[in-house]
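To begin, one chain is listed below as structure tokens, in the form predicted on its own.
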């Protein structure tokens, strides 16, 4: 059986031949780049920083190839709803779709998307100068695009969850002394969950209290958390579950969502929420980012693609005051890999032109600009670019990618996730105990996976 935890090795690849790519310019390899001139590609993707960056570069792609890209952006739920409708109706509405990698198995099994190998093997489509498939980070590509030995897509917005914390508060001498007096050890970046909880408790203060020598004009909290009935609550809680030794399946492919370790992780998660701002069950990554930006909370387990917004001095009160680290460890390290992928629907009217776009998307100039705008690139050559190493969240991101963990990509995951996010949110709302909530999830999983246990998955 394949193990539940899958590691994404981001920086060590035997197949990379990226020398000299970082400085290359992107031009048409020859007149072949214009072979699809006049074509319009219709694309849908989540509205997020990397997609905004991509949109700004689409004019360059049109100049180079003559291919126009109409990019539709929407929130995650709307994107998935529109794609599902297009797939099921076979409308041919899109030439390129973006989807979270955990949907890959479902899309392949339902023949919603087509494999890339026929395009990759067609030399007439190798028309974008600067594109080198071996520069795409192997682990990211496999997680986002490979199913049953075939490639169906390329990675897009390869984000990872890590910890952000108020470095200025951690380094404040008064706060350090007060913490040591209360807990008996030094205030440092938490490496384990007990310390994380202690620090969350310590920094939770009422309006009128003192924080780092300043009188608070509003309540301040130790952590920001995501608990809405939404993919966000699954994304955050799975970090705890994996780290505590639990998760969705065990190493033999049997359901482990209600294992003792998973229940312990949810008990911790619920207990921790008392140190978060009210309304945890109404919050996703958008609200969490705002709480960090507006100096409402001291720490968070968040996606690294939220960090650029927190470092933006035009929108963040704490720009330059944040530190970043990998997530605290229970019995094992487990930072949650959360990438999307770009895929070509089976009913795309223009699949060859869509593939040319995917080549262009994975060229150094495009990927570097996405990284500079606050996204995270697909290419090893760009991760090693000195212009990016100076970003405050870059080093922690690299460390997190090295120990990252992925969600199951089985076709049934969509249904399973719907059941899990409901139970997690209900538990945070006090409607279920952690044990009952995860027992309920396990029963739902058994129904969804009837006849398919134990599970072997990619």
Partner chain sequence: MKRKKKLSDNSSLALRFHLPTFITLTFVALIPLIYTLRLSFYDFKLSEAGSANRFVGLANYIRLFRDPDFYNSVSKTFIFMFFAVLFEVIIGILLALALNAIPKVKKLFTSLTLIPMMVAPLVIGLMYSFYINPQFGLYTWLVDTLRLPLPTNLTGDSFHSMIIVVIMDIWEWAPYMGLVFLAGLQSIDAQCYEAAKVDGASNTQIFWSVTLPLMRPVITVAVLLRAMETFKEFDKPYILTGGGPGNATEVIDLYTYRQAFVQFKFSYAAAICIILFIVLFLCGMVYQRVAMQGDD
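Positions refer to the first chain, counted from 1. It should be emphasised that the depicted structure is a prediction, and the values quoted were computed from it without experimental measurement.
Omitted from view is the form predicted in complex with the partner chain, to which the following refers.
Considering non-hydrogen atoms and a 4.5 Å limit, does the partner chain approach residue 201 in the predicted complex? No, no contact at 4.5 Å.
Any non-hydrogen atom of residue 58 within 4.5 angstroms of the partner chain in the predicted complex: Answer no; every heavy atom of residue 58 is more than 4.5 Å from the partner chain in the predicted complex.
Evaluate residue 331 for contact with the partner chain in the predicted complex, applying a 4.5 angstroms cut-off between non-hydrogen atoms, and reply yes or no. No - in the predicted complex, heavy atoms of residue 331 and the partner chain never come within 4.5 Å of each other.
My question is simply whether residue 166 lines the interface with the partner chain in the predicted complex - judged by any non-hydrogen atom within 4.5 Å. Taking the distances in the predicted complex, the answer for residue 166 is no, it never comes within 4.5 Å of the partner chain.
I need to confirm a contact call. Of 195, 110, 384, 254, which residue comes within 4.5 Å of the partner chain in the predicted complex, counting heavy atoms only? In short, 110.
Interface residue in the predicted complex among 105, 247, 100, 277, criterion: non-hydrogen atom within 4.5 angstroms of the partner chain: Residue within 4.5 Å of the partner: 277.
Out of the stretches listed (167-175, 114-122, 135-143, 78-86), which one is close to the partner chain in the predicted complex, meaning heavy atoms within 4.5 Å? The contacting stretch here is 78-86.
Heavy atom within 4.5 Å of the partner chain in the predicted complex: which residues of 207-226 qualify? 207, 218, in sequence order.
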